[in-house]
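Only one chain is given next, in structure tokens, and it is the form predicted on its own.
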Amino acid sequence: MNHLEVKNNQCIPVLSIPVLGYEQFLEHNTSLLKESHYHCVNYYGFRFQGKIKLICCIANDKEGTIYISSSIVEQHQTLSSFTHHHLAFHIFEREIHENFGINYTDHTWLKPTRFSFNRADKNSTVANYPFYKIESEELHEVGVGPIHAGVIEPGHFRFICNGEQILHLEIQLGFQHRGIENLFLEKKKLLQRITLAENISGDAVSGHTTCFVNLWESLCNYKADEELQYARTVALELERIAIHTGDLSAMCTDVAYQLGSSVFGRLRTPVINYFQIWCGNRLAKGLIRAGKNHFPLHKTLCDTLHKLFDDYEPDFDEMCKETFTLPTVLARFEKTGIVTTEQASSIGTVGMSARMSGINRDIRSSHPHNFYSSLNHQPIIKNHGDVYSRAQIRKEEIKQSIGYIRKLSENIPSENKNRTILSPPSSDSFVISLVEGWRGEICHCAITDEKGELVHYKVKDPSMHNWLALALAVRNNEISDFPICNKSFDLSYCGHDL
């Protein structure tokens, strides 16, 4: 058997994962991606008995299952690359190379990913990052960051331009590596680990925390009751509404449409303020916990949320009508920052960055968790891959999310005051958890030892897949279009750097 087939959040014995010879491992996993309904949700390595164990997780989006397989290789070994067969593996193999010194004979370009503290080559630093060069008297380079004019995380963008036209963009990250994955092993208390999950990416607190608690409860063989699942689903959709609204404001700012910037910005505020009312924090920190809920979403809170939507929707609809018909806005949104379906597919984009280019990729429908099975979620898909498509997805997903929350509120689960206590995590086990955050697919993986202690924890933010999409989007655009292209993706620096 070449792989083990599991469901989202299913706990399995780690020894049940097939161990293949590397060539068989490569052939099996790369051949799966020849079909469009398969995509790689995670591929990584960890130290195992003096060697490197590689685990590859391929999602079957048609069947709602995940194929898990593994291989054991030597550190500093030279291998044939998955990337040579499918570019979507490039970022995973770059990380494996950086962490363990494994080389590849035919990888596209083994440039650093995040300069982690435990990287194999300590001589590889941010200061000597190997930027791509084009020698020409007619071309020039433009550097932006890592210190930015606005309140933004550190990342460096290096453009190669012919006049105003962008020929190539390279995005250098890795300025703020915090060692999140290693801290999951060092911190032994559950609350400490949940706090880590809340701080993986500050604008995706509900997404990453839900992913962690779903995984942890699976490790503990704990079935979350309806009240817990209800609160997590509402939190995810409310976070989607808040961030999408704020991004529409920022996109209007970047095309100098002040009215849209102001109104969408104002509309975002009561949404995040609702989290403050619900749990005492505007980013939803403290809200989601494994096996418990300190802030039940009762009828009074739901009525407050419905009132918020009653006030929000008329202004939102009117502002959208103005924004999406205004010639000066459309002139900057339409046909700007295009990523074709072929490009999006080849680099393995996820979430909104996939759906903008006609790719049906949404964990809420393909691998549903919590209350999404009952919602029968239908992904919103556009086909032009431009700024306008990304703006339209935000607009329509906001309306869709409001509809979901209203529907869920028709049958509010009763507060569970007799909830069972979490058991210790299962020994020698593996769990993979997938959540569709507002950016896209979040993936956490965990492995325990014979005592049930975490020995490996792996985090993947959707930005890991999608930064390359931004670099492709700006090609042949004018450099003045970069801000709107960048904000239309709104990717996470810290979610990539970890």
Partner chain sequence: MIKNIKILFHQGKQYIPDITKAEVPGIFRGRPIISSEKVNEQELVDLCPTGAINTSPVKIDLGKCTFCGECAFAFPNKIKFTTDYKISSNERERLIIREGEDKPIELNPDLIRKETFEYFSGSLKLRQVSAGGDNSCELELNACGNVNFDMGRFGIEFVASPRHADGIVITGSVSENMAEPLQICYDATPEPKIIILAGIDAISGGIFEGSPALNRRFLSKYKIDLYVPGNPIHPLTFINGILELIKKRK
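Treat the numbers as computed from the prediction; the structure is a model and nothing was measured. Positions refer to the first chain, counted from 1.
A second form of this protein, the form predicted together with its partner chain, is not displayed here; the remarks below concern that form.
Chemist: In the predicted bound form, does G280 have a heavy atom within 4.5 Å of its partner chain?
Modeler: Yes, G280 is a contact residue.
Chemist: Is the gap between G174 and its partner chain in the predicted bound form 4.5 Å or less for some heavy atom pair?
Modeler: Yes - in the predicted bound form, heavy atoms of G174 and its partner chain come within 4.5 Å of each other.
Chemist: Hey, in the predicted bound form, does K417 get a heavy atom within 4.5 angstroms of its partner chain?
Modeler: Answer no; every heavy atom of K417 is more than 4.5 Å from its partner chain in the predicted bound form.
Chemist: Does at least one non-hydrogen atom of G143 fall within 4.5 angstroms of its partner chain in the predicted bound form?
Modeler: G143: no contact with its partner chain in the predicted bound form.
Chemist: To verify the annotation, which of these, S365, Q400, S346, N199, has a non-hydrogen atom within 4.5 Å of its partner chain in the predicted bound form?
Modeler: Selected option: N199.
Chemist: I need to confirm a contact call. Of C302, A120, I180, I72, which residue comes within 4.5 Å of its partner chain in the predicted bound form, counting heavy atoms only?
Modeler: Flagged contact: I180.
Chemist: Between its partner chain and F115, Q192 and E322, in the predicted bound form, does every residue show a non-hydrogen atom at 4.5 Å or closer?
Modeler: Affirmative, all three are within 4.5 Å.
Chemist: Taking 4.5 angstroms as the heavy atom distance cut-off, pick the stretch from 85-93, 120-128, 334-342, 231-239 that is near its partner chain in the predicted bound form.
Modeler: Among the candidates, contact is made by 120-128.
Chemist: Taking its partner chain in the predicted bound form, which residues of 325-361 have any heavy atom within 4.5 Å of it?
Modeler: Sequence-ordered list has one entry, L326.
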